[in-house]
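The chain below stands alone and is given in structure tokens; this is the form predicted on its own.
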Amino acid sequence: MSLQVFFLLAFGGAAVWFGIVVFLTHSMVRSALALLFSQTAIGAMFLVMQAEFLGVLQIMMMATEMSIMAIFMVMFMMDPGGLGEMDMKHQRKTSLAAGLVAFFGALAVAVFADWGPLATDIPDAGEQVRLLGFELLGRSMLIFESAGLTILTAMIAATALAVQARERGAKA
């Protein structure tokens, strides 16, 4: 087994483990940090696979996103530190059944799909970034811009509603 495969398996295992930890903790902040570690491990997997741009982008994006999420949780939640007994597992039986169906579906696709031949000509990192740039600035630009605008609008709306509700509660 090569060193690259070893690190790919190690980071993959870390991503799955921290994904499980998200649901085992009683703190929303600790859940956000566990999700950050899980997504960072996925970014490290990109780095191991020599997709440097995607790896660094994944790590930077998740670090920013999870930091903002943790800050908002501390600001607006009643018990962000998890000192009370908060259960992170909702609709246990339904979510377990859905998770098992999804797991076995993904496993079946991974095992039984015809993946075709392995790539023999892999572009270097600079060429990968150039091709990704053409993809992002070409046919996918409208999709990414729309998604970014939608997410920004939702964040502003959620903050405005939370501040408005807090001000009404203070006046009462």
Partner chain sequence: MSAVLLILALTVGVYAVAVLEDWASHNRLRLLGPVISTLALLGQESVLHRKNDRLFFETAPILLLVGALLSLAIIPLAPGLIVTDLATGALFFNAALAYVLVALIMAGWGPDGAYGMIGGWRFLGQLIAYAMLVVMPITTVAMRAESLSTITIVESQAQLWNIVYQPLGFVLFAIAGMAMAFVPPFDLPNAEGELAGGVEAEYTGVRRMVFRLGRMVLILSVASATTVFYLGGWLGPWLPDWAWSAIKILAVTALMLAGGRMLPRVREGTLLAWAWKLGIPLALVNIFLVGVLVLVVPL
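Residue numbers count along the first chain shown, from 1. Note that the rigid core is defined as the largest set of C-alphas that superpose within 1.5 Å between two forms. From a predicted model like this one, the values you see are computed outputs, not experimental measurements.
Heads up, the form predicted together with the partner chain isn't pictured, but that's what we're talking about next.
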Residues of 45 to 71 having any heavy atom within 4.5 Å of the partner chain in the predicted bound form, listed in sequence order: Glu52, Phe53, Val56, Leu57, Ile59, Met60, Ala63, Thr64, Ser67, Ile68, Ala70, Ile71
Cα displacement of Ala97 between this form and the one not shown reaching 2 Å, rigid core superposed: no
Displaced residue check between this form and the one not shown: Ala10, CA, 2 Å or over, core reference: no
Rigid-core frame, C-alpha of Val21, shift of 2 angstroms or more between this form and the one not shown: no
